[in-house]
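Take a look at this single chain in structure tokens; it is the form predicted alone.
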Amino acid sequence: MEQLLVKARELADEAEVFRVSSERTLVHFEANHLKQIQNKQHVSIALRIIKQGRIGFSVATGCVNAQTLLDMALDTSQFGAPANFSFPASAAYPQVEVFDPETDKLAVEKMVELGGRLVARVREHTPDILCEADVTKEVVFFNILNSKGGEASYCKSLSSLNLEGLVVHDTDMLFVGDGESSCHPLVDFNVVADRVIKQLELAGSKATASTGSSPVIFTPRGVASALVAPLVTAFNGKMVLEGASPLRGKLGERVFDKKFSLWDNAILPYHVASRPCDDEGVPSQSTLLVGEGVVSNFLYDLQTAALANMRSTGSGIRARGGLPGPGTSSLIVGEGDVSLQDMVADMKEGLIVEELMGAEQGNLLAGDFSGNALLGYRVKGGEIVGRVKDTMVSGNVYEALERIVAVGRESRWVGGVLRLPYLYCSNLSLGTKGG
């Protein structure tokens, strides 16, 4: 990296070298049985330069000749976008713990045992369920150097445990699933098993929803599947800059219900999206996006921040070492003061959504969503009466979050990157097969 940076600095005004390497072990179960054990290593190195005011970029995986990378970056700089930023100088980074050596020490035999016991525990409750399960561990090394003296390196450990299950009775198919992720090694399969078993118990009876307008309670997984994607797009500084975000011009305005607050937090210890700095070497931080319904900030990398006359929020993220762009870390929705039990008791008739399938196929820029309740439960007279089938839920994220009935006091991590409470929304549209 140092040699490449020296060579690039001789021919360009500024230069940056970014390297990421990882080793990942996956234990996969399919149809209740061990299917494969896979070990994969990956290395990518990227060079970004600024020459005559324009950005040049090259990236390669595995072993690569430094001169080849430099030549490619120089070639692309002739046609690259204008650079409105400079690479950051050396900085003091927050102490963010993201590596647990015990994760790397987790033996493959132990991972196989964990997956097998997870599947067995769920099958003890529902013998005819078909399970797919993944047990994963990974160690990732990040390094970044630039010609302004900026330098950062850190190591992150990742562990995950996931299960999806399918129960088929004639033409009826029931999908359940859950998972956990952490920088610590995950060795307690019961956490995931208990959640999946709870889903199976709630889905034990069948019920029918009615077409029309109805209140809906989104579980944390339901919030993740229905409401998060449009928000991620809307708070992306590049989308705001281009005028594609519906929140452009709304900074400082109340757009959401006062009960709704949202943070992007990259400095939580031992969480999979945490880091001491972003992929451009900018120190990480916690950024308030919505404070009691008021739009407070957007997420920026160096380039979009400069164009917007703003400061980078430490949100420059690269996919496989590619060019950075604004991205999220851990998204956290503030908790409320209402229990799920009280939400359900308040409902005369409505729906609980555990997972909405296909919601991201709507108009994300406008905040519209529409999807089939892959797993949902009907509420009648303040009680859960059974699982619904063939029920579409549709609405608009901004309208739904502007009229929140209640925010749950219980929240949980979903996918390791979202901490979400239950959200009780009013008047969403339901469509059913039978009308």
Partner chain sequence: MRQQLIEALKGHNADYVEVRLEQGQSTCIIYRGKRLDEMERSFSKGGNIRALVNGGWGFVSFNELNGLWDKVELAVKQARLVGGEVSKLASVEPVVDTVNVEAEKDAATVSLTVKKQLLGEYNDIILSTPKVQTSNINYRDSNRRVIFVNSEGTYIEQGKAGISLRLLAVARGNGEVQQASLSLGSSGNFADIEGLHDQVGEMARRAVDLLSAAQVKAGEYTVILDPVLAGVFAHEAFGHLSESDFVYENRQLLEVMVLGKRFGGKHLNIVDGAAVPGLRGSYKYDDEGVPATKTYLIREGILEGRLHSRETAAKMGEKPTGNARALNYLFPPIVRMTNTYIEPGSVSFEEMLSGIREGVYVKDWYGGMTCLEMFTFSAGEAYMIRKGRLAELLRPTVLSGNVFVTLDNIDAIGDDLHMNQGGGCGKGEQVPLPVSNGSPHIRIRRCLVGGR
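Residue numbers count along the first chain shown, from 1. In this text, all values refer to a predicted model and were calculated from it rather than measured experimentally.
Beyond what is shown, the protein has a form predicted together with the partner chain; the following relates to that form.
Q: How about E242: is it within 4.5 Å of the partner chain in the predicted bound form, going by heavy atoms?
A: Yes, contact at 4.5 Å.
Q: Would L374 sit within 4.5 Å of the partner chain in the predicted bound form, counting heavy atoms only?
A: Yes, L374 sits close enough to the partner chain in the predicted bound form that at least one of its heavy atoms falls within 4.5 Å.
Q: Taking any heavy atom pair closer than or equal to 4.5 Å as contact, tell me whether D368 reaches the partner chain in the predicted bound form.
A: Result yes; D368 sits at the interface with the partner chain in the predicted bound form.
Q: Could you confirm whether L307 comes within 4.5 Å of the partner chain in the predicted bound form, counting heavy atoms only?
A: Residue-level check for L307: yes, a contact with the partner chain.
Q: Which of these residues, E253, E124, D188, E109, gets a heavy atom within 4.5 Å of the partner chain in the predicted bound form?
A: Spelling it out, the residue with a heavy atom inside the cut-off is E109.
Q: Which residue among R275, K238, R221, K137 has a heavy atom within 4.5 angstroms of the partner chain in the predicted bound form?
A: Flagged contact: K238.
Q: If we take heavy atoms and a 4.5 Å cut-off, which stretch out of 359-367, 259-267, 142-150, 178-186 is in contact with the partner chain in the predicted bound form?
A: Correct option: 359-367.
Q: Between 22-38 and the partner chain in the predicted bound form, list the residues on our side with a heavy atom within 4.5 Å.
A: R24, E30, A31, H33, L34, K35, Q36, I37, Q38, in sequence order.
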